[in-house]
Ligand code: URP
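In the block that follows, a single chain appears as C-alpha cells, in the form predicted alone.
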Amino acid sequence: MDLLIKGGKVVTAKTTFKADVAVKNGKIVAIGNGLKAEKDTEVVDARGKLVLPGAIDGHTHLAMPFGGTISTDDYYAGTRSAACGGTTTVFDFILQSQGEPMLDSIKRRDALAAPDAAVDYSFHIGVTDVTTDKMLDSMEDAVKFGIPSFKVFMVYDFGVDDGSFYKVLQKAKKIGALVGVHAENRDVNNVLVKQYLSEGKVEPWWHYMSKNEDVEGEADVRAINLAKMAGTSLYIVHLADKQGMDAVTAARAEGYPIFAETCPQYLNFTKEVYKSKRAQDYVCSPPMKGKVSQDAIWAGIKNGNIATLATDHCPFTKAEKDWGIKQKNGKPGNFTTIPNGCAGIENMYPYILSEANKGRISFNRAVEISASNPAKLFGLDHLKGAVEVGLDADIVIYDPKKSLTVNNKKNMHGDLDHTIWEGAKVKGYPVATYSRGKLVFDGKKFVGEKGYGQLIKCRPIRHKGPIL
C-alpha cells in the first residue's frame, strides 16, 4: 500500500466508525482496525480526527464569460481553491453555443480545463439550442461520451421556452440523462426590472426585488409540472425559496424523482445583505431570500428533501462588482450591470461541516449532501462519493477542534480580491485533502499540481423515484 490513514473516525452517509484506511494506486484498498503498513507506506496519524470523502461540488462556473467580463477563477485557481476546502471533484458548466453540437461543446471546454485542473472534474451542459432535431439528438452523443447531465435556463436571453424545456426532458428520459434547471420567471423578472429602473430604483436591493420569492417559486412549480408531464426526473439547482421547497417536498412525497440543490449562501445569508455597505458583492441569481425561505431550506436539509449542496461558484472582482455604480465605460450603473455571482468553492465543505460540528445536522447528513448524493445523482458513485473499498482515494482528514476565521488574503486560495465569507468563523477544518491518494492540501497551503485533475466520465442516469 502507498498510504495508511490510522486511527481516525470514518464518516459515511449512514454510519460513523473508527477504522484505518489503506490506499494503493489512488484507490481505497482496505478499511479496518489494526491494518499494518507495508515497506515504504506513508502512515498518517488521524487519531481524534474524522476521515471523510472529498466533497463533490456539482455547480461551478469557472472562467465563465458573463456580463461583459469573465469569472475570476480559472480552472487552476478554482480547483486549487476547491482542494484547500476539501472538495476533490468539481462539476463545471459548459454553455452550448448556437448551432454547436453538444459533443463539440464538451471538447471545446475540456481543452481549457485539462491543462489546468488540480483536482478531478466533469461537466454539465447548459442547453441553449435545441431548435433542430440535430441539436436535440446531440444530447445522446454527450451521454455516450460520459456527460449525461444537462441544464436549461428559464431566465436570461439565452434561456429556453417551456416547449424546448419539455423536449429536453423527453429526450433525457430516452437516453439516460438528468436535466437540471435554473428556475426563475423570465417574463415577470423582465417586467419588474423595467419598472424599477423607470422609477430610478437602481441599488442592489432591487436585484432581489426583481427576482423575489414569487419569481423563483412560480418557476420551480412550473418546472416540476413539466417534469411530471414528461415522466422523467428533474434537478432544481440553487433552490432558495420556500414555495419551491414546498413543491419539491410534495412531489417527492408523491413518488416523483425530483431533486433539489441548495448553496451555502442561502443557508447563511438573507436578503438583508442587499442593504449592506457593499451590497453589490452579494448579487447572484437567484438572490438570497428572506428568513422564512432560509428556514424552509434548512428544514429540507434536515428532512432529506434537499438532495445536494453546491456552490454556484462564479466570482467577480470588487471593481467588476462596482459596475453597479459606474459601468466600465464610465456610464452610470445599476443593479442589472453588476456581474452575477459569488465565491464559495473553498467555503462549502468547511461551512456545512462546521454546522454539523455545532450540532445543527449530523456529520453523516453533511457528507451525504456534499459527497454521496452528488455521486449518485450524476452517475459517478462507482468512483467517488464515499470512503469505501474500490473507490478513488478522495479523502479529507478533518479536525473538529481546529477553528478558522475566513480571511481572503491569509487563508483563501482562489484569485479573487474579496469574499462574501470574510470574517466567518467555522468550527473544525480540513487538515489534509487527498485526491486519488495524492496530498493536495496539507492544512495550510495547496501542495497539488496544475493539470493533475482528470476528466471524470459519468454513467447514464435513470432515476425512477426519490432515491435520495
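One-based numbering along the sequence shown. On a predicted model such as this, the values are computed, not experimentally measured, just so you know.
There is another form of this protein, the form predicted in complex with the ligand, and it is not shown here; the text below is about that form.
**Q** Within a 4.5 Å heavy atom cut-off, is Phe153 in contact with the ligand in the predicted complex?
**A** Answer yes; at least one heavy atom of Phe153 falls within 4.5 Å of the ligand in the predicted complex.
**Q** Does at least one non-hydrogen atom of Gly341 fall within 4.5 angstroms of the ligand in the predicted complex?
**A** Contact with the ligand, yes.
**Q** Would His238 show up as a contact with the ligand in the predicted complex if we use heavy atoms at 4.5 Å?
**A** Within the cut-off, so yes.
**Q** Mark His182 yes when one of its heavy atoms lies within 4.5 Å of a heavy atom of the ligand in the predicted complex, and no otherwise.
**A** Residue-level check for His182: yes, a contact with the ligand.
**Q** Three residues, Phe66, Cys284 and Asp312; all within 4.5 Å of the ligand in the predicted complex via heavy atoms?
**A** Affirmative, all three are within 4.5 Å.
**Q** Can you pick the stretch from 393-401, 127-135, 356-364, 312-320 whose heavy atoms fall within 4.5 Å of the ligand in the predicted complex?
**A** Of the options given, it is 312-320.
**Q** Pick from His61, His418, Lys438, His413: which residue has any heavy atom within 4.5 angstroms of the ligand in the predicted complex?
**A** The residue in contact is His61.
**Q** For the stretch 117-132, return the residues whose heavy atoms include at least one within 4.5 Å of the ligand in the predicted complex, in the order they occur.
**A** Residues within 4.5 Å: none.
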